[in-house]
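Encoded as structure tokens, the following chain is the form predicted alone, with no partner shown.
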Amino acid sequence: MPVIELTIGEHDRKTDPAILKAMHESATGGHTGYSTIPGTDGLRDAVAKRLATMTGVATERNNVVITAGGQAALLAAHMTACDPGDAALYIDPYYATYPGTIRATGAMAVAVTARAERGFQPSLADLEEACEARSLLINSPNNPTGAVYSRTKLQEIAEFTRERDMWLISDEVYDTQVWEGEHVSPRALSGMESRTLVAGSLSKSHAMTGSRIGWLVGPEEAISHAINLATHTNYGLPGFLQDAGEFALQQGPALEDTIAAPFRRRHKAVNAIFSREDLNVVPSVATMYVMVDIRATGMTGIEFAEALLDEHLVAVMPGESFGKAAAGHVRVALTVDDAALEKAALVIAEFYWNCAGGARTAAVSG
């Protein structure tokens, strides 16, 4: 019997055939040699147009450098913002690579706890207790929690960075997966354009995880340093991939909505099941994930996830994978077909209540 795999943020649909066709035509047309190191003019212009349209902030080609996915953009952002020995703050819970990315630059990675009782959103008091730092990394919409920072929260964070003359690094790779409310880029807030670096990619918005097309957007001078880094690291991305990325962005919001639609639907369905079965779910309004609080079982997230896999062949990520703040939680990725996902949600609910002492039993179908 196969495992129901709910651990990885990988779409269960493949890259759109039209994008692959554009990629193939570019490659067979000869765009296989060295490419412009900051990114092709066409792709940089397309990214700039997308960001300008979404945020209202004037964005030009020189504000954009193309990177090998959002991960490389985060490394470039910290290399740009920090010197060796600087402290760089990030919010816990966090995407698993954040601390290592910061350490790779020679900076010191310092976590700021966002507490479960506050919906995993950082408080000003928690930020103010942190050490003096050169940068702050935030992620909204958030992986793993599905939280979206409100405009008020982002204004609070922005003021914190302005008062301390810090860089704000904003990971916005999930900007198309917001199910309630709005996504606000801090770059659009008053006084923040000159001190915000935005990391993005086509991985989640266009189901192009393996194509490794990302970007860093920010002030022109900062981006010139990131371009210098690109010159001395990967020396540019394959041109045929960039042409495919440009084509993907040219399809506009309609394609992005099509890619996001299954996760919107599944997010609603899984939350409905967990609500009906009385599971405590972290308030989530975005992304392809749902976080479940399993502390009432007396188990750690690791123990729960391992036992769920061993006994029921359902794989989820323990919250401890994403930092201390998420301990006692598990992250459920909404990345299998609807029927399998709903079956897995019922299995998780039944397993939860059995581990919590059998106070409630969910009916598992199938």
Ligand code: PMP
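In this text the structure is predicted, and so the values were computed from the model without any measurement. Just count from 1 along the sequence shown to find any residue number.
The same protein also exists as the form predicted in complex with this ligand; that form is not shown, yet it is the one meant from here on.
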Quick check on this chain: which one of Leu168, Ala248, Ile91, Leu74 has a heavy atom within 4.5 Å of this ligand in the predicted complex?
Leu74
Assert contact residue (this ligand, in the predicted complex, non-hydrogen atom within 4.5 Å, options Thr176, Gln121, Ser135, Ser203) equals Ser203
When this ligand is placed as it is in the predicted complex, which of 227 to 235, 260 to 268, 145 to 153, 95 to 103 ends up with heavy atoms within 4.5 Å of it?
95 to 103
Heavy atom to heavy atom, is Gly39 within 4.5 Å of this ligand in the predicted complex?
no
With heavy atoms only and a cut-off of 4.5 Å, decide whether Gly319 touches this ligand in the predicted complex.
no
May I ask you to check whether Gly328 falls inside a 4.5 Å heavy atom distance of this ligand in the predicted complex?
no
Check whether Arg212 has any heavy atom within 4.5 Å of a heavy atom of this ligand in the predicted complex, and answer yes or no.
yes
